[in-house]
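In structure tokens, the next block holds one chain alone, the form predicted on its own.
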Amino acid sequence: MPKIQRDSEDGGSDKDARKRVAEVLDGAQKAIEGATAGTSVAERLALAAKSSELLSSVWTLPPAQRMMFHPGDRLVDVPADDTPGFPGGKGEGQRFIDLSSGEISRFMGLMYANGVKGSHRRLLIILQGMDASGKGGIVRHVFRQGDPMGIHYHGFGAPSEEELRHDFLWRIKRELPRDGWVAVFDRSHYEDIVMPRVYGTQPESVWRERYDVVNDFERSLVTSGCSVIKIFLTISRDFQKGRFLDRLDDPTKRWKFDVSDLDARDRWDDYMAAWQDVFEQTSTTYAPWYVVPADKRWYSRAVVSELLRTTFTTMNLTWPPLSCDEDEARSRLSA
């Protein structure tokens, strides 16, 4: 099965490129079907690895490389409506998400099974972005085939009175993933750096020292077996305006709108400066930041799906063996 040539950053809709994307996705689908029907564990894992490799080959440059924040990168220079690295259009992107989400479900089951048997592997996904950047949609689309048994979602708003009586990581630690689980944070501990800075609710000495605290915290998570994926969904002001107007126009979406969204929009430049500093101070080798263009929803979901699935593949997990004597178990079942 041909792979997409890694010679272009263009995410446009060239007919030949889209045809090649479709061919690769056909191959990935066949491998996925084979992994489901495989007779042995080794065969299933091999076909699953092949399907994931084919899915990754769609990208002209892996999102983990293309989207990772590096020193010198500027958030304001990222084109929010771009689709770098993906040669197809929306249709191919949606199909990619469908196939990838099925593989993610498989990996989640594998990690959960290992967690039950004592493995400490687990995964924390942090989603950040301005209002209307699509954080909730990411969760619904990327994980739609996953087993709810192994996933924990939590959205962080303004700290409650109880939470304010503790250090800023107290409420974060209460929601961390258990062994074998995936936890998705819609906003996170980074709000306790950005918000005090933008609104001046705490002295700079307080929020600035939290950079080192967060780095140490995330390092300890990774050392203990928890992979951390930090994603910032970047959108344009015009795109956000359109989403806000959609909410005002649609009675079924008005509940999503709050005047505080407009307060944050008024401070757009302050937010961009704050997040720029966050990336520079906390994008580390063990827990890097990925800045993902999100004006095109299908594209940001495809990127997050790829980042998640490839993170699972690096865990090199296999199914745990039977923990009792098989012959004895079969004998008792036949009695």
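Residue positions are given as counts along the sequence shown, with the first one as 1. All of these numbers come straight from a predicted model, not from anything done at the bench.
Below, we turn to the form predicted in complex with a further copy of the same chain, even though it does not appear here.
Residue heavy atoms within 4.5 Å of a further copy of the same chain in the predicted bound form occur in exactly one stretch of 151-159, 121-129, 210-218, 87-95, and that stretch is 151-159. Proximity of residue 76 to a further copy of the same chain in the predicted bound form: non-hydrogen atoms within 4.5 Å are absent; the residue sits far from the partner. Residue contact check for residue 249: one or more of its heavy atoms lie within 4.5 Å of a further copy of the same chain in the predicted bound form. Among heavy atoms of residue 204, none comes within 4.5 Å of a further copy of the same chain in the predicted bound form. For residue 30, no non-hydrogen atom is located within 4.5 Å of a further copy of the same chain in the predicted bound form, even though that partner is not displayed.
Contact with a further copy of the same chain in the predicted bound form, defined as a heavy atom within 4.5 Å, holds for exactly one of 191, 179, 82, 175, namely 175. Looking at 259-277, the residues that come within 4.5 Å of a further copy of the same chain in the predicted bound form, counting any heavy atom, are 259, 262, 263, 265, 266.
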